[in-house]
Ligand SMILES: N[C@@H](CC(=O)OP(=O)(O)O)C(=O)O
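One chain follows as structure tokens, the form predicted alone.
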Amino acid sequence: MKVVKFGGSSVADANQLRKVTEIIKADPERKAIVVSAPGKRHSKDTKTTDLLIALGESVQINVKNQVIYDQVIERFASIIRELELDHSILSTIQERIDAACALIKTDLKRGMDSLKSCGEDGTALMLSAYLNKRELESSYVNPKDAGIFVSDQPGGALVLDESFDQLYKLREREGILVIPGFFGYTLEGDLVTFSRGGSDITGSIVAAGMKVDLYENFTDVDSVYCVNPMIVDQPKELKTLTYREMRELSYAGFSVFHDEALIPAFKEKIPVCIKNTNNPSGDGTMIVAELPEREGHVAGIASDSGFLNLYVSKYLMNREVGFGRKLLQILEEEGISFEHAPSGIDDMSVIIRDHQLPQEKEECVKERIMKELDVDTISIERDMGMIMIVGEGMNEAIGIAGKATTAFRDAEVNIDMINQGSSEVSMMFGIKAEDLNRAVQSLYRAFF
């Protein structure tokens, strides 16, 4: 038995949904299907979820954008027309969108989550109907009926343990089950979404709950590459990765898979296969628990921009009990989450995603730290990039760091920060964002 997830590009239009149907039809073991919202049909297109968010923001300020509303409805209408599905499906989707828009006016967070979920929900309704039209017994299963229970954290829900026993019961249902990704329900019955890209999370949760043999994640690439193909031409394909390697790579910029999505599958030791909807017969990339056989210790190089470095120094900081806790507590009280916190004897850096600390909040945070912690120096450096070298067994290999720093030198890129910490599978470097591509290309030459 398999759980299969199809991403936004795989369900972007009617033609893609036809391909999805052929993939499902080709393997009777594909029991549960998790779908995203319709994605981009071409490079200049807009994802349905982005349109829904823009629509919600306009409703929030009481100027509902009719142009965007019509665009959203037409995205679904065009698919329904081309697949010759019953018009009542469009009415159901439109009613949900209208209800979510009305909810935004009384409960912004719940309304926005409800509106954002309409993309995935609409895809699931359309695909289930089309499968039945193609004589494949199928049913739409709402996440509440499936038993996907989550914490009450709008836009960042976490699955509750109660879900997994409920999800196991899906095995007993007849036919193919089509489940919208990206959202679940609190125990009180409120709809809450996962973080953006959360359909991957739904797929992994369903796979773990149903205890299937394989979780297939269909996207628009043949496999996972060892480096971003937008930076390096024709990079090496990775046929096998471990869960830990894929999670580290996803966190550090590999957009092919959500970094939180592997955890449920990992706990149940369910292998994951990433495949291409447009080339379903390809091998894809397998993500497994055990270390695969491979040449060298480095599996991949990931990079991402959009970071800042909050730097503080204070003489004899190392003698001051609780300094780090107090610093991080200030960030917590200001609603700021951090990524990394390397420290020295008299100084400490906190790496934060740019959007967590907007410029208008910067002075307030700096003033609090200066006043409450009596630091000697405080500075914030923006436009930072992070590069992560990932591979099982790196901690046992001699010369990885030396090889990496030589590659940075060859690219004439200055390293602002190195952080290996307790991770056995990754090494992180902080540099200026403008130097990212040059550094990645040099690292690729060095390791691959």
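Treat the numbers as computed from the prediction; the structure is a model and nothing was measured. When you see a residue number, it is the position in the sequence shown, counting from 1.
Separately, the form predicted together with the ligand exists; it is not shown, and the next lines address it.
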Residue 143 versus the ligand, in the model of the complex: is there a non-hydrogen atom within 4.5 Å? no
Non-hydrogen atom contact residue 182 with the ligand in the model of the complex at 4.5 angstroms: yes
Would you classify residue 284 as touching the ligand in the model of the complex, given a 4.5 Å non-hydrogen atom cut-off? no
Residue 120: touches the ligand in the model of the complex, heavy atom cutoff 4.5 angstroms: yes
The ligand isn't shown here, but in the model of the complex, which of 403-411, 383-391, 65-73, 34-42 has heavy atoms within 4.5 Å of it? 34-42
Residues in 197-215 that come within 4.5 Å of the ligand in the model of the complex by at least one heavy atom, in order, are 197, 198, 199, 200
